Ligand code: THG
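Given next, in structure tokens, is a single chain: the form predicted alone.
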Amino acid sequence: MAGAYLTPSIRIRRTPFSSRVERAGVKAYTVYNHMLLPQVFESIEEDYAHLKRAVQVWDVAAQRQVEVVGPDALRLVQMTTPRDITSMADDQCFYVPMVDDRGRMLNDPVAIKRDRDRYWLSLADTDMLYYCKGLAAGFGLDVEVFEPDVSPLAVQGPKADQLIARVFGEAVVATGFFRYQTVSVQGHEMVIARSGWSHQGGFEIYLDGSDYGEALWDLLFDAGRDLDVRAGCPNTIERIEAGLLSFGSDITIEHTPFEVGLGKYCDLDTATSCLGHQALLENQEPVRQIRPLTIAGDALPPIDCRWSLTNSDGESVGYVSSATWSPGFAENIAIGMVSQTHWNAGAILKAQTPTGVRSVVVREKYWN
């Protein structure tokens, strides 16, 4: 379908920053949580290079929030995750695997504790709002569950600290990793967290209310002109180098947290009210698991995929889920699901790619 395009629809929502993203020259979008998510500005390769040397502002408003508030808020959130959230401080964010009653992955949001009885779940791309509403109704919980008018804007890159200091002050820059501060800018309340989906360091600004989106964008760009600030977006090359997994690509509902390397976030001794607790207890020893890979041959374009992995006998032993050529490391790098029999570092496999069979080596660790 050469020349095909995405037709406008009210079912695909614009963001508070869309006009500025368009003005910045966005070249491609995807749809994420029923909302536009930018994918490319200059090119994936140039966006990657700039992200690693300067600072970018990302419209990640598609990372929608589920707000859970009320006396049973903690109980409801804990039902969805095997990570013990009872220990969260009032200014803390937790990366949490969310699972169903079979212990299978439903989402991997950042949970933000806004108050003792109030949480935000900052989501990857699945409709967790309806799941949480269903749990609240089915268990008769005393909570409200809704999508607040909160839109994240990420500031990422090695110069992110400088930009944030200019706009919000040095005290915000001092925020600890996966901690947040609440600030007021020109009468608008924002949560600013030391977090983000890159390995370059930065912050996520949770704009509470859509009306200030363009003004916030302009404020950051005016303050960062000499820092070479640009519009950007989550970058496939950079995130594979860092081993940042993509929900829907590397992680799906067919996986347990243990299979996708999230076992360290499963507090099975304490988070016993998680609906998937028993299933996770019974499946702590996976027979397949996510691994970093190197793929031989000519440069691959950044891609999410399902390329079969086979052993020397031609037997299926997994698949590649994300792959790209890394300019920084001058090789094809990838993430894949590999059977226990072949997941040790140094194992040599074969990938069935659209350009033919390629040799694959299992790595010990990610690149960054």
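All residue numbers are counted from 1 along the displayed sequence. Remember, predicted model here, so these are calculated numbers, not experimental data.
Not on display, but discussed next: the form predicted in complex with this ligand.
- Taken together, the three residues 63, 123 and 199 all come within 4.5 Å of this ligand in the predicted bound form, as judged by their closest heavy atom.
- You can rule out all but one of 244-252, 167-175, 271-279, 98-106: in the predicted bound form, only 244-252 has residues with a heavy atom within 4.5 Å of this ligand.
- For the options 265, 212, 221, 258, the one in contact with this ligand in the predicted bound form, meaning a heavy atom within 4.5 Å, is 265.
- Proximity to this ligand in the predicted bound form, defined as a heavy atom within 4.5 Å, singles out one entry of 48, 29, 307, 32, which is 32.
- At a distance threshold of 4.5 angstroms between non-hydrogen atoms, residue 238 is out of contact with this ligand in the predicted bound form.
- Though the partner is left out of this view, residue 110 does reach within 4.5 Å of this ligand in the predicted bound form, counting heavy atoms only.
- By the criterion of a heavy atom within 4.5 Å, residue 206 is counted among the residues contacting this ligand in the predicted bound form.
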